[in-house]
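This text opens with one protein chain seen in two forms, each one given by itself as structure tokens under the names structure 1 and structure 2.
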Structure 1
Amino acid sequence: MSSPPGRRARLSSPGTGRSSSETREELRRRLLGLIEGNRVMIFSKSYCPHSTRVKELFSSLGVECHILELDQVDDGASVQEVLSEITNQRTVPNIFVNKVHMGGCEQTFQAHQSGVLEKLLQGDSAYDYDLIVIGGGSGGLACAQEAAVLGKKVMVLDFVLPSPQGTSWGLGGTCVNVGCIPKKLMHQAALLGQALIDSRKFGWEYNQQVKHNWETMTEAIQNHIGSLNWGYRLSLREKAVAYVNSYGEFVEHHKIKATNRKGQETCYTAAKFVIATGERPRYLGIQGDKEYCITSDDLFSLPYCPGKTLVVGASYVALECAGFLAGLGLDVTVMVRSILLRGFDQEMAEKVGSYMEQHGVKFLRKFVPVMIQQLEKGSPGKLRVVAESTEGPGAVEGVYNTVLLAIGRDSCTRKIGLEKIGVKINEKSGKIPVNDVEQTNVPYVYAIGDILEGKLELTPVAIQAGKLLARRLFGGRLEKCDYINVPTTVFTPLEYGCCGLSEEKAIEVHKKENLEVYHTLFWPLEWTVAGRDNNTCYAKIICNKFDNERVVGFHILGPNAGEVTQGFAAAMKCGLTKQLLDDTIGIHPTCGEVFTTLEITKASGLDITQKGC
């Protein structure tokens, strides 16, 4: 029996000019595809007597095999190398039955004698599941559902360890429970507060000073989240994904221990695993922080209004929370150690900050808290915060009702038994390094989402990575997740949307002299009658002069920045250039149209302010 020529051809044509690691990766995926796609897959050499024995065995059992003769393909030597990476076995024959690595000739005959081979041939019964996903967040659920749709037997383990304040939540992970969804809804609540102020200018009449009720808002948001949790449960059930509300921990290869709320332990095995455990907010490690501070894990379901709040940190989480709390009428201070929105374009970040400052948020720059002390219990209570300057001696003290820590997030990778099966993590960050197909150093274990090293911590990225991973693992597809030009939006009071490079990064990558930056301030039409600031909203694109003025960075600060940015991100995927922007007709009157009429370069130093009447 020989392999059909079509497959052989596919195996032996590495593209020219590609790096060997890329070619190797391609080969690896093709081999995995063969293993996935065939009931019995034998890597063999046509002259090898052991290989012949194995072929005869399957033939006598009447089982059809797929055979790749390494000596008859051009890249046989590379195949052998990659196979040894995958299986730790260098010799042929190398046999897979229903995706399970049997080993060589000897092991196959042993399995035949013990009945294991027949069992394996009957179905995927070597393991309980084809796939176990650890973590029921955006990425994990997307991956699990896609795998189930492709006919696989899938389990999801999800368990929320309560925060130090005791907050926990349902299925769906960070985004749904303590991230994107509640924060955008609270942001919307704050925007509505602004709308109420605007509406008077537009003729709506009411004199009453409008108060905000935290409990009403939180209850409505939590109800919505509850319905989403339920929706996920339902959707898993519909797709026949087994959902277990237990904490998963590897105990040995292919085997995981699941511990439920009552402490009962059950073990499950699977051919493949996907780690999608995400991250949780970091604490300062100072006196009083875990006892008295809250994090974004607690804020969205806080049963009482947080009152006067100190937000520690300048991540997007910090600024978004500070922004909507101020928008709801609270007294808010942000304590910043160094810069705002690290990793984002710093000009934009400063503008985000200064808009917040103009709208009542106080900033304490270059301070770090060193002690949190409770002055009074209550809902909220009173906390005394002592902070030290990062620039030498000098301390400040303040009294707040609530201290919200938003100084970063830690990966949930240290307590899931990864060391038991040898999955490497970055010891410092806790993140998991993966190759470009989201595979860890242990071949059957994959990782997606926020725990990946060097990748973006965004829901849509995790979802896309999860789906594509499932399709590659079980659907014979090749498409990889593309982490380039991922758009995102920070939902601060004035929203900031971006796609591609920050100006700093662009300069680093392309050099300043090769770049042209176009920018302008703009005044949204809706802001005119509302009497809101006319030189606040800002649009900027960064173009590569020596690549046809290709847009390498897109930045907008203004209302509905997320809605505006999305389409431009699609355009960037299609190779957006300045000329194409100029050729595109605007939609009038919108904010988005500002990008079709950008004329002033930053280098020109011309005035970009908008004239009033």
Structure 2
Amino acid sequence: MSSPPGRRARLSSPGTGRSSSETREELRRRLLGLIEGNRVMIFSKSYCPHSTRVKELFSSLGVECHILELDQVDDGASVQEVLSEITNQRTVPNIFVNKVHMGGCEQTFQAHQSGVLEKLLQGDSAYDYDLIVIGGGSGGLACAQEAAVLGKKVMVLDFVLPSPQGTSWGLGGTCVNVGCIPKKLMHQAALLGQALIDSRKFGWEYNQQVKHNWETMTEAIQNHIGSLNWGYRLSLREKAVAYVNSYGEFVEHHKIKATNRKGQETCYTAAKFVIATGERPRYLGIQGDKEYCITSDDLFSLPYCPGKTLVVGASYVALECAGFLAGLGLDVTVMVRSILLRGFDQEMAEKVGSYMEQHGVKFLRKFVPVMIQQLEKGSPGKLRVVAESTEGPGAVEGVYNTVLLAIGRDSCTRKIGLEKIGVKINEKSGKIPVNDVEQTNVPYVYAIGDILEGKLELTPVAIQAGKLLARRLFGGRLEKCDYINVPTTVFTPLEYGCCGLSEEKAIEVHKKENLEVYHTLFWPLEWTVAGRDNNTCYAKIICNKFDNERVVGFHILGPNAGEVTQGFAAAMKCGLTKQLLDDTIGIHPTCGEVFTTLEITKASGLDITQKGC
């Protein structure tokens, strides 16, 4: 067997007296030096048949290789470990051509057969782009822009398929257009209505009848969203990211087809891809649902007031929408199949529902719609809804102006050609399984955001994951996205903020006997003069008794819960304990200070009602 014209590489000793982290970083630098300093760099093992095949390939091409035999150097195992961090490939041969990671034996031979290897050896870029991001939502844009800042040639493909009601929107994804941003603004509109009521008790006098104008609100919100859409496009342009308003679909390895609104198709290639396509609202699959119902895709730009509304579902989207619609003075009913806020702490969820019910939202529990029928056309029209009980025989029906479906969301992964390149998805959910660096089973394809299996569906999570992914791929960084102790808030009329484990999950993970739950009701000072509900707001922390009473769950139901939770989330990242809370001096008078004075445990059974400020 003839040996290839290769040079055997040696790694110099990093020296003694260094910490393991310093030694590892030095090894990483030396490996990157080998990769960047050689036309062809092969990390091999002398006895590996796949490594031998690759060496023979380059020999037949007359290409000189630089070879490091990992079984013949003292720190071969460490080299392979650091290589796997750099490339996410754990096996040999591990091959680089002109600084581009080819992969292993099979990928190198595929590149040779397709002509890509020849282009790389000639020093030409083998692909149109270093990175193509499919999906222009928060996570996709964050990843694309970070990669561009790191000097890479990047494209973003974004295309919004209109909802069954014909609604579509601009660049920025769900959060900006039909999610967090318009939701919070409509929530604010409802809070201002409550503030008007409270203001009389604080001395404000006004005689004219105050009413809400839906069209004025939606126009202002859509104008703000439009400015955000423009800002995103401008930011991409400034960073030289190519933005293409077309639907992306894989046609073969490293190649994607982009179809625009006119049906015109263009193909692009890239070394790496990031899937960030997000999710869209789910429909019921019953008579009349897509014809007559709306979803959150449609609500925030609805050109008319929805009137008497049935909200189907008990997700946070359902309760948030029901809450602000009721706060704007509408007649609102929520139809619940099973439980409120699945996945959240159920004690808190029931308190959220109870507050909404006390403030005019009606709940139809244990029912599911089976038919939607249009009685009258109009803006809004009239719809007849027939629903059946989930607990046996029994049906109800009602007439509403609008039916809003909020029963969950489906991942947009089934019609983008993933099967053509072998990317695995969960066939039931459509979610994409990834490893701890957001890599799919196809090494050059990554995924971030709501489409990930087993990860949180939150905008800031997608943004963080996208930025860190780009830095790992193109910036030589190692930091991974931390999906633990991510704070969130449900913007219901009385906001619910949480971080860490629900009480149910904490019991499952740590066992009930190992936990101490501290809790209290509280009365915000702002509510006292206004004569609003005493002993409705609620705070609790869940502590691990045998880990220095470390806080593993943080929960608050009260005004501005999101603002309160954000600060405590940082403390939880730092290992917050009950003693640290006790040692913290509160800001008086605030809602957040209640966590610095928690004394009563659930186990004690003592009364937690409050009688003073």
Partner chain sequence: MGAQCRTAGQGDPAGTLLWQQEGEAPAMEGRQGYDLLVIGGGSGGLACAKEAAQLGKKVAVVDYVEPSPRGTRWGLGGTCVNVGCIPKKLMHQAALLGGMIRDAPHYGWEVPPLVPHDWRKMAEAVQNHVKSLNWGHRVQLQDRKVKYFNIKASFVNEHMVCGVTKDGKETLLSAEHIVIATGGRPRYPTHIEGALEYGITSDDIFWLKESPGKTLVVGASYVALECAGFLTGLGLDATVMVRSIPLRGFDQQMSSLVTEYMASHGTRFLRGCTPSRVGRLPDGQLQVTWEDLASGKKDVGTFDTVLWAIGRVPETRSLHLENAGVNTHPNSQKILVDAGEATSVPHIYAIGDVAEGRPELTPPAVMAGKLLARRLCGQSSDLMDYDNVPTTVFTPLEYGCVGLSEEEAVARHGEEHVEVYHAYYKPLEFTVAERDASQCYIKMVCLREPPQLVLGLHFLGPNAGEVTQGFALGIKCGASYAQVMRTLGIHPTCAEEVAKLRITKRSGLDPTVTGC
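In this text, the rigid core denotes the largest set of C-alpha atoms whose superposition between the two forms falls within 1.5 Å. FYI, numbering is relative to structure 1, first residue = 1. Here the structure is a predicted model, which is why all the values come from computation and not from measurement.
With both forms of the chain shown on their own, indicate which is the form predicted on its own.
Pick structure 2; the other is not the form predicted on its own.
For Q566, decide whether the Cα shift between structures 1 and 2 is 2 Å or greater, given a superposition on the rigid core.
Q566 C-alpha, core-superposed: shift of less than 2 Å.
Core-aligned, does Q188 move its Cα 2 Å or more between structures 1 and 2?
It does not reach a 2 Å shift.
Rigid core fitted, then: does P281 show a CA shift of 2 angstroms or greater between structures 1 and 2?
It does not reach a 2 Å shift.
With the two forms matched on the core, what distance in Å separates the two CA positions of H66 between structures 1 and 2?
For H66, the C-alpha ends up 6.5 Å from its position in the other form.
If I align on the rigid core, how far apart are the two C-alpha positions of N88 between structures 1 and 2? Answer in Å.
Displacement of the alpha carbon, after core fit: 13.1 Å.
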